[in-house]
Each structure stands twice: as C-alpha cells, then as structure tokens.
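Given as structure tokens, the chain that follows is alone and in the form predicted on its own.
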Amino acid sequence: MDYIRVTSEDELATALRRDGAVLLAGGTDLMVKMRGWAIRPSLLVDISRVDSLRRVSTSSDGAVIGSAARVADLLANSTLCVRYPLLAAVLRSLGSVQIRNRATLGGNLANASPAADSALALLAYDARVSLAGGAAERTLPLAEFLQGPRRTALQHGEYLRAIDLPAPRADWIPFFHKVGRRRALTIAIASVAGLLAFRDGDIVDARLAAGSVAPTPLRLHSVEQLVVGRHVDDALVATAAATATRAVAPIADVRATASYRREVAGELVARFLREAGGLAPASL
C-alpha cells in the first residue's frame, strides 16, 4: 500500500484517478475497517493538509462546511454553534474527545452508517453536499447522497468537497436523543433529531429525522406533514408516535430487535413533541 499527503484539490483529484485510492481524513472509521480487512486500499490519500477542505464560512445565507473540517473545530466555532444548535448538540455526542479531535464531518457522512449522528441534524437543516473530482462538480441533497449502508452517490474519482446549510429559522426548537447500550460512547440503537417552530401555539414548521431505523438516516416526512398546523396535545402525540413507527424500516441485529427500534423511534418523537409543546413528560 502506498501513501500520499496532498496539499491541494488539484493534487487530490489526480490521486483519486488511481484505482484503489482511498481518502484518509480523520481515519477514525477507515482505520477500523483496514484493521478488520474490510477494506484494502492500494493508495491512501491524506487530505488533512488541504486547507480548502477544512474551511468553515457562515453568512446570512447559511453556512458552508468543508468536508475535512474536524468535529472539534466545528464545536469551537461559536457562530456556527449558535446558528445551528441542533448540529452542535449532535456533534457533542459523537464519540469521545479524542475521536472528535480527529473525526471530520465529511468522513462521518461518507462512511454512510445508518447510525451516523451528524446526518440527522444535517437532514433536518436540509443540507446539500458538493461533490468534486468527476467530470463536473455537482450538488445533491444529503438524502440522495446517502444511498444505503456504506453506500453513497460518490463515483470513481469523486470526493465530498463541502456541506452546504441554508439559513436557519431563528425560532426553531431543537431536539436530539439517541438510545444505546450505554450512556456514553455508544452507537445508537435508535435516534431522533428534529426542529419545531410554533406560532400562536400551533406547529408551523417541523423537521424530524431518525437514525439506526432504516438503511440510511431518514427524514420522517409523514410525521412532519401530520403535525404541521396542529396544536400539541396527547392525541397528536400518540398519533405522531404511531406514524413514526410505521415510517421506519429497522433490522434486528446484536444490539436490538427491529420491534424495539420501532418502539424507540415512536417514543422519541413523542418525547420531542411533549417537550416542545409543554406537555407533561413521559418516561422512555
């Protein structure tokens, strides 16, 4: 296996034309796969010195996050965290301090795990991803980029350049919770993230996303359509929870059964609505 550290996107594009080339950003997922022989690259392309891929910019129109921006650096960006509190909350739960100091946002997405925490917040914010290195640069909604477990829309020679976030609403109420086998450093058995906005007691905007309950992290559009224009009461909470359980398609594995994952997804949606709507909390 060969190794190269590139310092520009031109060098990166050239290196990726080689068969068997694999990007190395933080390496927190890649190294595990390599040790387990799940992946055997012929060339490791280190992008940690490509400054253009580590930039983060915010404006009134939104934010652009370079794919190689480290999670720790994003959490240290006070402007980004204030404007996108749901993203900040999710990133704070990602791994340990040591992992956050190495892991990159683009790497977490390109790994394409159904349990990827960062994808939930980005789906709720209607993020798009910019892909480069192919015949032409292209932009996709994040939901189209994530195509299945460990599968993305990246084609040969392409790389994830940046994540684009539109301007957020100032009145969104954020929510994130994941259930795992332990309280810290856990992979989600099921997770829900969301944003709600209210006017005169009624929900006027709803964004909900769930993880570890389908082949990819997914938006719960059926729940969103159900709750918009409604006042939060016990009946709506119950119907929304039931709708969420029907919207997901989990598998059973060593961490949980499919039926348990369905139940957790519904209960987390109910918890969000209860908290945001000011109803008495229910235990999970």
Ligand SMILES: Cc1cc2nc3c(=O)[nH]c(=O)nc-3n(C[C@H](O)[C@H](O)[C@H](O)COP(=O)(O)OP(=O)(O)OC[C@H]3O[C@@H](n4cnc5c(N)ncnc54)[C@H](O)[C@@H]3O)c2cc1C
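None of these values were measured; they are calculated from a predicted model. Heads up: residue numbers just count along the shown sequence, starting at 1.
Keep in mind the form predicted in complex with this ligand is missing from the figure; the text below concerns it.
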Report summary line: Only hit among G95, P174, G133, P168 for heavy atom within 4.5 Å of this ligand in the model of the complex is G95
Report task. Name the single residue among L80, A209, L196, L160 that comes within 4.5 Å of this ligand in the model of the complex, judging by heavy atoms. Result -> L160
Requested in this report: Quick one: find which of 81 to 89, 134 to 142, 196 to 204, 110 to 118 has residues within 4.5 Å of this ligand in the model of the complex by heavy atom distance.
Outcome: 110 to 118
Report task. Examine A242 and determine whether its closest non-hydrogen atom to this ligand in the model of the complex is within 4.5 angstroms. Result -> no
**Report entry** Residue contact check: I47 to this ligand in the model of the complex, 4.5 Å heavy atom
**Finding:** yes
Query raised in the report: Quick one: is A153 in contact with this ligand in the model of the complex, heavy atoms, 4.5 Å cut-off?
Result: no
Report task. Answer with yes or no whether E224 is in contact with this ligand in the model of the complex, where contact means some heavy atom within 4.5 Å. Result -> no
Report task. Enumerate the residues of 31 to 67 that have a non-hydrogen atom within 4.5 Å of this ligand in the model of the complex, in sequence order, or give none. Result -> V32, I47, S67
